[in-house]
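One chain follows as structure tokens, the form predicted on its own.
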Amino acid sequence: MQTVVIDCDPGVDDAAALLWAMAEGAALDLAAITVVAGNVPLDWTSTNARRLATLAGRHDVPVHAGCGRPMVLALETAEHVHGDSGLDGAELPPPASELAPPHAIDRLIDLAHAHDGLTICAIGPLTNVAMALVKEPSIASRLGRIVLMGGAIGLGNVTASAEFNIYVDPHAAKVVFESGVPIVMLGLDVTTQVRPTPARLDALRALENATSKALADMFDLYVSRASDGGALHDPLAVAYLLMPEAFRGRDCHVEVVTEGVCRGRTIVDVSGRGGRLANAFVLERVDGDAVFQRLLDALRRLP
């Protein structure tokens, strides 16, 4: 069984990812959820992660609050997509637990030392992960991999060339991509291939449990606001943990632009013409129907 930490900024698509991971107890040892500011500020992301754990009945999963701002830049958020709370559109229970100590950075370090080969599934800005690597560089050799949702081979979704998670903290992304830790990158090119179509949302509501209803309600608002039709960005990172055979990609060198008009752009050397060693396995294709069916099967197990 894989031991995994999910580092996130919930966020509607983060909510789908977290609920899916929490439903997969037989396949994923979810050691912790660490939260970062991103889609909404840290007070909301740390509350939302605990609300989702309560909704899923996973009171055993600790939630650790992390960084409230990027490493260098001022925080930019996305309430215009996810709502003021980050999870607008659904009635969610209040958190049944308090935030767990220590700080998310220290928890990532502790878990990397405790579990050789730990997987970090990073689906928000990479501030917590980068700061852990900066504070304790020795964990780079102990981590098994970082599976991250971020970046793009092609066009961006917050600027012409930048994807949101990388754009919010490009300096953190640069640290992570240059860390030497094995990286799997799920960028917009693959995540926009899976959207919550009306038929898929009908199938989600047909599960007739509280969790699926809440998620479908959140998706209704998310789809109406997101410029890409509410693509299932973050759940695909969990999908890769569970069913890598559903994806296709290639090894590439990825460079992160930290300043200027192209801030947050991931320059992905797909052809290898740059002559630099690959530092990420960049995903390009996914079997969307298989992924969504597994998500439905998992959510069926929740309250």
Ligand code: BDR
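Fair warning: this is a prediction, and the values are worked out from it, not measured in the lab. Throughout, we count residues from 1 along the sequence that is shown.
What comes next is about the form predicted in complex with the named molecule, which does not appear here.
- Screening 174-182, 227-235, 198-206, 92-100 for residues having heavy atoms within 4.5 Å of the named molecule in the predicted complex returns a single hit, 227-235.
- The putative spot formed by Asp13, Asn39 and Met149 is fully lined by the named molecule in the predicted complex; each residue has a non-hydrogen atom within 4.5 angstroms of it.
- Within 4.5 Å of any heavy atom of the named molecule in the predicted complex lies no heavy atom of Ile105.
- Leu188 belongs to the set of residues with a heavy atom inside 4.5 Å of the named molecule in the predicted complex.
- Proximity of Phe219 to the named molecule in the predicted complex: non-hydrogen atoms within 4.5 Å are absent; the residue sits far from the partner.
- Although the partner is absent from this view, Val129 stays clear of the named molecule in the predicted complex, with no non-hydrogen atom inside 4.5 angstroms.
- The partner is not shown here, but in the predicted complex the stretch 144-170 reaches within 4.5 angstroms of the named molecule through a heavy atom at Met149, Asn157, Glu163, Phe164, Asn165.
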